[in-house]
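Single chain ahead, by itself, as structure tokens, in the form predicted on its own.
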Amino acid sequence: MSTKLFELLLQASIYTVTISVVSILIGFAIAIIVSAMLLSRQRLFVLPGKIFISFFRGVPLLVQLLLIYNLLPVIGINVPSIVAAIVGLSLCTAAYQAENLRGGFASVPSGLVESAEMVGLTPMQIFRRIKAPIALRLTFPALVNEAILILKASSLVSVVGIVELTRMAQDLAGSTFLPLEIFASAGLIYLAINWIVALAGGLIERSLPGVPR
């Protein structure tokens, strides 16, 4: 396989990484809200949170992407394909991240919270100094794993017209008749990206307070 073909794959991988990173960050922000709804004592908030998670974890991502891509123009929202792809990935990963965060917050020892309340800390201080750090430490490995899964799942955004790494590999394999070399190279690029994510995640995890070095 020529260097030019490999460069085309690398250029397409930039779309893969960009779409994935943006989706993961947006999804994390949504997940914080959804996890708070799940932990709320008000059924008015709990029920919508459960419905959100049930839908986006129960419906295949491919169907979600196609549904969002075709639904937005129907309701009068015309956006580029890349925006529809990011919306779909963000909502999907938000459902999984919300469950991870819910488990982390639910695992915070109640004794610590009660002690903090006794010394006069406000709910916001308790959240910022106790609940959030502990929940993040407990859920960080799962969040890194979810990031890797989204990087791989981003290959599905080609169905809405995004030429990311997998779509570029398919196009090049069809035009050059070198499927083995093309897809092997694409696989190596995915492996390198995910290895970097896993390595960075491990380094960040070890730097978190309270995590053994």
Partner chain sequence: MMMKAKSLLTGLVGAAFLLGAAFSAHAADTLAAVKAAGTLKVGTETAFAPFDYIDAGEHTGLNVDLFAEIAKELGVKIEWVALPWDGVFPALEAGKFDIVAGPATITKKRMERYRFTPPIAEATIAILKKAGDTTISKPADIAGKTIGVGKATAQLDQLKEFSDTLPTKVDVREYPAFTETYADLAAGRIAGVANSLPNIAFVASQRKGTFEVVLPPFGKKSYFGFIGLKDADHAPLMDAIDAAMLKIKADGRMAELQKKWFGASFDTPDAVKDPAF
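What you are looking at is a predicted structure, and each value in this text was computed from that prediction instead of being measured. Positions refer to the first chain, counted from 1.
Below, we refer to the form predicted together with its partner chain, which is not included among the displayed structures.
- Between its partner chain and the residues V79, A142, A106, L112, the one pair within 4.5 Å by heavy atoms in the model of the complex involves V79.
- The three marked residues, V160, R167 and T176, each reach its partner chain in the model of the complex, with a heavy atom inside 4.5 Å.
- Residues placing heavy atoms within 4.5 Å of its partner chain in the model of the complex fall in a single listed stretch, namely 68-76, out of 68-76, 98-106, 131-139, 114-122.
- Its partner chain in the model of the complex comes within 4.5 Å of a heavy atom belonging to K4.
- In the model of the complex, A186 stays away from its partner chain, with no heavy atom inside 4.5 Å.
- Under a 4.5 angstroms non-hydrogen atom cutoff, its partner chain in the model of the complex lacks I150 among its neighbouring residues.
- A residue is said to contact a partner when one of its heavy atoms sits within 4.5 Å of a partner heavy atom; L172 meets this definition for its partner chain in the model of the complex.
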